[in-house]
Structures are given as C-alpha cells and as structure tokens.
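So this first bit is one chain, no partners, the form predicted alone, shown in structure tokens.
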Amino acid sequence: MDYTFQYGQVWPYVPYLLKGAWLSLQIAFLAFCGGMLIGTACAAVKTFGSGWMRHGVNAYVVFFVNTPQLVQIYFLYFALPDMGIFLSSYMAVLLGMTLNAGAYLTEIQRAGFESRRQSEMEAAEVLGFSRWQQIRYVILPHVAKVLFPPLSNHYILMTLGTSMAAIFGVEELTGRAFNINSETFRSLEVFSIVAVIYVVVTLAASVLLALFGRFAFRAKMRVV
C-alpha cells in the first residue's frame, strides 16, 4: 500500500484536541462524582433498606447494567423531547453516564458494604451510634480503602467511554477529531494522534490515582 503520512497538516490542531481531552476528563469526573453519590445511596439501601426500597434499587441496577449506555443516552436525548423534556447534548451525555455509573458503582460499593467487620458494627451499636452514624463513621472509611482500586479503574473506563459523546455533537476529544478529519481528510494521522492522547491521559490518570491511593489508603494498585 502506497500511503504518505502527512502529519504536518494535523499538528496545528493538537492544541484543539487537547482542549477536547480536557472536556473528556471533565465529563468523566462529573459523571463519576454523580454516580458515586447514587451508588453510595443505593448500596446503603440494598444493605440496610426495607424490602420495597431494595426492589426499587434492584430494578434500577438491572435496567442500567443490562442495556447499552449508548441506548440510554439516545433515550434521554431523543425520546424525552416527546414528553416535553429537552436536554442539550452535553447534559444528555452527562446524565446518561451518571445514571449508568450509578448502577455499576452500586454493585461495587455493595460488595464493600458487605465486607464490613461485624465486630465493628456491634461496637458501634454498643456506643449508641445511629444507622447513619454507623455508615458514616464505620462503614464508609472501610469501604473507601477497600474499594479505591476498583473505583479508580472504573473512572478510567468512564474517561474512555466519553468518546461516545461525539455521536451527539459534544466536542470532546473524539468529537474534535471528527471535525478535524472532515477538514483535512487525514483519518490515519488524526486518529493515531487521538489514540496517543487517550493513552497518555489514561496512563497519567492511573499513575496519579495510584499515588493518591498509596498515600491516602496505602492501597496497592496496579498501573494499567
């Protein structure tokens, strides 16, 4: 195959791509934080809640875990307007990723809740801790240490998953790559640079999270 690489046409767009990478990180971070709040609440409900509350959480988890995330965002962006609810492409992607993350993080954190030491819970009850105080002062510190590695890995996956936002016109990294490709028609050069940026971003995030985990929790993490 006779192909001449012409990266010179693409290099001027690198700062534009880096701004898209920053937007990708922002979307992943906001969706992860929202998902953590949902996951923590739902994991607490599945562990301590009443029967009907657990059934509601189970239905939420089953739906979002067993349907494609792309379909979920399509529903938010294209179906909700039929009911008079209009979301921007950015908000639809952010909300869809948040709800999806909440379902997965519910299961991750539920495992952490169930790994709590029964002796510590009994000691908290003897001291007169309420259920909320037990969760806040006994369970969450333990869960944070145990679950930091899998939660960090899930954040990395969410960062890569932001690429689907390009389908809805959000100009994150992949979306900006589409724009550049439509102007230069140098697909191989554009997307090879984008791939390198994704590798650098995810490796840097993995290293930073591993260092933070080692410092804060002394958690052993493998840098992906």
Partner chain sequence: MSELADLLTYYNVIFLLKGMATTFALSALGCILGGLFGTALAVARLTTGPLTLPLRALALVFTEFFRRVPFLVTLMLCFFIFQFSGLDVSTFTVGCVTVVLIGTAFLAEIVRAGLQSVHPNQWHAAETMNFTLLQTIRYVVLPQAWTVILPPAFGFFILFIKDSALASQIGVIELTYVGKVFNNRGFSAGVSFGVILVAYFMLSYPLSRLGAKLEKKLGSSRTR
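Residue numbers count along the first chain shown, from 1. Every value quoted in this text rests on a predicted model; they were computed, and no experiment measured them.
Heads up, the form predicted together with the partner chain isn't pictured, but that's what we're talking about next.
Asker: Considering 137, 129, 90, 75, which brings a non-hydrogen atom within 4.5 Å of the partner chain in the model of the complex?
Answerer: Looking at 137, 129, 90, 75 one by one, just 75 meets the 4.5 Å heavy-atom criterion.
Asker: Heavy atom to heavy atom, is residue 14 within 4.5 Å of the partner chain in the model of the complex?
Answerer: No, residue 14 is distant from the partner.
Asker: State yes or no: in the model of the complex, is some non-hydrogen atom of residue 85 no more than 4.5 angstroms from a non-hydrogen atom of the partner chain?
Answerer: Outside the cut-off, so no.
Asker: Can any non-hydrogen atom of residue 37 be found within 4.5 angstroms of the partner chain in the model of the complex?
Answerer: Residue 37: no contact with the partner chain in the model of the complex.
Asker: Look up in the model of the complex whether residue 194 has a non-hydrogen atom within 4.5 angstroms of the partner chain, and give yes or no.
Answerer: Residue 194 belongs to the contact set for the partner chain.
Asker: Let me know which residues along 60 to 93 have a heavy atom within 4.5 Å of the partner chain in the model of the complex, or say none if there are none.
Answerer: Heavy-atom contacts to the partner chain in the model of the complex: 62, 63, 65, 66, 67, 68, 70, 71, 72, 74, 75, 78, 79, 82.
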